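Below, in structure tokens: the form predicted alone, a single chain.
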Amino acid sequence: MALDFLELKARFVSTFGPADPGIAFGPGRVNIIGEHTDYNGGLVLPFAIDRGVAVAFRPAHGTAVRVVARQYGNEEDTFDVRRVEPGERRWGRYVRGVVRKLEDAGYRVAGACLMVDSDLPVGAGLSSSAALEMATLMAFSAMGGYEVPPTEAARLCQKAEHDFAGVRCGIMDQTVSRMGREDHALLLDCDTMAVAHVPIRLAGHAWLLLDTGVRHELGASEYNRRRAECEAAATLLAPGAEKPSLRRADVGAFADLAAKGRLTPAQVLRVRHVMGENLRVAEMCAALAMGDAAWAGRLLDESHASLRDFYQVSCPELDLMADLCRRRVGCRGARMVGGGFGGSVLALVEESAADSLARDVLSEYSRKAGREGTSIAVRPAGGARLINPPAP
């Protein structure tokens, strides 16, 4: 269901009173390839999608911020901008975190009324959290009369997620939510923060996202454990770096330390995934620019296998959904996307076969997994933006 901005405005007015609100929009994202490389200083290749989170907003007198979340049954969260703490509502922590980080960075924040709505399935691997963070930042910057530079906006939202949601995410989601471009992927070097927009020239093909219906919690111990394993390995493999990361790891040192048993079996697997995935990102850039769908599909398959076997963040339902896609005529390749342990599979498919492929895959998935999945077609779209300013 697509977001209806007019309906959101009407709901806002009925809740908070007369005067039209402004609306800020933060898109979700799909990462074509480059999974779990961002917080390792690596390469990622996501695109912003044509779905996301909308925040209707209006300044309010005083220092209280009142937030209503339509996608959570109109739950409310209220806090004071002078004393921003994480709070009890999980979704509210993303809003609170952005407000706190804006204030910490010297930007003006004041009381406001907000209403949040979304057409992103939470937990499906589309980064609903970053979309909410970026829409919130755009709303407060509009009310404050300032603009936060894109790279700084991404950093502030990342810090909000670290400190208020307890998720040690990388910088990818927030960056592409802010800087996405229609019909392009965003090549992001998470070590240098250099970006390049990569054209997607896959005529006659579509991106299909198939949700397993299995939900994950990125704040859970497994995600943070993977990051800790990589950081520990990086201190051994890039000891001279100012900030050690697996991006700066030396292949020769990896071979030597692995042979001497100085890396744990888990660390060996994590390093193998990250090094291989960075190379797959580079190859995917070439495949997209050349319009080579077969090559792009093979890279998707290889990425899924690496995430399953080396990074060990897949689950039976993700493996099943990806395998069912690959068996269908018209599918070029498929892989799990997002943090793992649930969520969705991204498939590159021939456009003419997309509808029938999704229908057949979901039917068989339901029989074999004993749960219902869903599918949506996603396309590369623009980044976060202000739909309209609030009434004077």
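In this text, residue numbers run from 1 along the sequence as written. Treat the numbers as computed from the prediction; the structure is a model and nothing was measured.
The form predicted in complex with a small molecule is left out here; the points below concern that form.
Only one of 28 to 36, 319 to 327, 54 to 62, 360 to 368 places residue heavy atoms within 4.5 angstroms of the small molecule in the predicted bound form, namely 28 to 36. When the small molecule is considered in the predicted bound form, only one residue from Cys113, Val84, Cys169, Leu120 comes within 4.5 Å through any heavy atom, namely Cys169. Of the candidates Phe79, Phe310, Tyr223, Trp91, Tyr223 is the one whose heavy atoms come within 4.5 Å of the small molecule in the predicted bound form; the others do not. Contact check for Gly342: every heavy atom lies farther than 4.5 Å from the small molecule in the predicted bound form. The small molecule is not drawn, but in the predicted bound form it has no heavy atom within 4.5 Å of Pro46. At the 4.5 Å threshold, heavy atoms of Gly338 reach the small molecule in the predicted bound form.
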